[in-house]
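Taking the form predicted alone, here's one chain by itself in C-alpha cells.
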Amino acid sequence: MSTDPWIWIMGLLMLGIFSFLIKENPFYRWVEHVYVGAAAGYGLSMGYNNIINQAWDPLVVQGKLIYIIPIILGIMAYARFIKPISWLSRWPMAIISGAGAGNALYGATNSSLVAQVKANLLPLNSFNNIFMVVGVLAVMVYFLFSRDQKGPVKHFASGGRMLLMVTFGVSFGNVIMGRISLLLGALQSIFGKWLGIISL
C-alpha cells in the first residue's frame, strides 16, 4: 500500500466519483465540487499566465507596441459591465465572431471537403483503393435523393447504407473502447498505485 499522501488523496477522490454508481451521496457531491473548484482555479492560473506571457511580456519587456491593440480590445470587452459605455464591448465581440467564423469556414471547407476529395482521388491499382473509391461513391449514391432509386442504383445505394452502418459501428466501438481504457486506467491507479494489490 502506498505511503504517498497524494496517492491517498487520488484514491479517495476516485472512490468518491465511483460512489455515484451506487447512489448520489454527499461524498460524491463534495468530490464533484472539489473537481469543479480545481478546474476553475487551474483555468484562472492559466488565464493569468496567458496575460503575462502573451500581453505583458511582449508589450512591456520586449517593447512590441503592436500588442497594445489586442490589449485594448480585451479591456473593451469588459465595458459591457459599465452601462454608459457598454456599447464598446460590441467591437471586440464582432472581431472575435468574425475571426472565429472565418477560421471555422476555412477549417470546415478544408477538412470536410477539400481534404476528403483529395483523400479519395486514388489510383485504382490495388484492392484497397478500389474498395475505398467504390465505397465513397456508394455512400454518395445513397444520399442522392434527386431521382428514384431503382434497379442497379438501388442495390448500389444499399451497399452504401451498409458501409455507413459499419462505419457507425466502428465509431461507436472506438468510443466504448476509449471509455473502457479510461476505466482500466482508474482501476490500475486504485488497485496498483494506491492499494498495491496488483503490480504495474
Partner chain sequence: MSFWDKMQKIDRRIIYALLVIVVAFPLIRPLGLPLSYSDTTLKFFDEIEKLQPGDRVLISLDYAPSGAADVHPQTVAVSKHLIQKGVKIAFVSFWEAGPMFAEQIMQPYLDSGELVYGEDVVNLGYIPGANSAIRSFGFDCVGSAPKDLNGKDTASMPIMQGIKDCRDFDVVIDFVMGSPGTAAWVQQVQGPLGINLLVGSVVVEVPASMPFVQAGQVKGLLQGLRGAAEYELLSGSAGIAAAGMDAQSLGHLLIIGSILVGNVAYFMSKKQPKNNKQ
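Each form is matched to the other, and the largest set of C-alpha atoms that superpose within 1.5 Å is called the rigid core. Quick caveat, the model's predicted, so the values are computed rather than measured. Positions refer to the first chain, counted from 1.
Not pictured, yet referred to below: the form predicted together with the partner chain.
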- Query: Would residue 84 count as touching the partner chain in the predicted complex under a 4.5 Å heavy atom rule?
  - Reply: no
Task: Touches the partner chain in the predicted complex: residue 25 (any heavy atom, 4.5 Å) - done: no
Review point. With the partner left out of view, is residue 164 within 4.5 angstroms of the partner chain in the predicted complex by any non-hydrogen atom?
Key: no
Subject >> Contact label in the predicted complex: residue 126 to the partner chain, heavy atom within 4.5 Å >> reply: no
Of the residues spanning 146-185, the ones with some heavy atom within 4.5 Å of the partner chain in the predicted complex are 171, 172, 174, 175, 176, 177, 178, 179, 180, 181, 182, 183, 184, 185
Could you check, with the core superposed, whether the Cα atom of residue 115 shifts 2 Å or more between the shown form and the other one? yes
